[in-house]
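In the block that follows, a single chain appears as structure tokens, in the form predicted on its own.
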């Protein structure tokens, strides 16, 4: 039997359906979690047939994993260039604690820009935070991400600041603490807006938030340096 090959238009429609399902999954899974999100809700949100989920992903589990990978791909697109830049400077040699501290501040500023200023980060952070609280098999996909790469850079740079080994418990926990300085303004966004009387985190508001993040970073780094 002769089978007609898919036309370019058919392929494009298929790819668009797959993308819409991933977008719908990113939003619905992040808000409702895996168990409470039905395949009907996913299909309706994507404007797709129910059969599209098993066709493209093998089922809801496969779609969930595809969403996790899409989060990682998005973070790679947004974070790859500045992580590469800092890595290149580190490869050239970190000559002093002051240089290490400056590189940490660069990482913090760039990371804050991604998490707090990119509109697509709303769904990313919601999905990741739910996995942090209720991890599934997809957590392994999310763990091996640009965020882990950033933590690894933090560990090496914090070692230069403190004189402790990169795998020292205080170094690893400090790296997590630094990430939290940024996350809190996304996770507690509603409280921040209400407390500050802001309608949104516009450029002026973001400048204030960024200042607080970087000042807190410097305090943490100075404290780590003073203790060692």
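What you see is a predicted model; the values in this text were computed from it and never measured. Residue numbers count along the first chain shown, from 1.
In what follows, reference is made to the form predicted in complex with another copy of the chain, a form of this protein that is not presented.
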Can you tell me which of 61-69, 182-190, 157-165, 40-48 lies within 4.5 Å of another copy of the chain in the predicted bound form, counting heavy atoms only?
182-190
Of these, 126, 79, 94, 112, which has a heavy atom no more than 4.5 Å from another copy of the chain in the predicted bound form?
126
Can you pick the one in 105, 84, 120, 152 that has a heavy atom within 4.5 Å of another copy of the chain in the predicted bound form?
152
Although another copy of the chain is absent from this view, report whether residue 55 comes within 4.5 Å of it in the predicted bound form, heavy atoms only.
no
Does residue 216 reach another copy of the chain in the predicted bound form, with heavy atoms at most 4.5 Å apart?
yes
May I ask you to state whether residue 212 is within 4.5 Å of another copy of the chain in the predicted bound form, using heavy atom distances?
yes
Contact test in the predicted bound form: residue 35 vs another copy of the chain, heavy atoms, 4.5 Å:
yes
Where, within 46-84, is there a heavy atom within 4.5 Å of another copy of the chain in the predicted bound form? Residue list please.
none
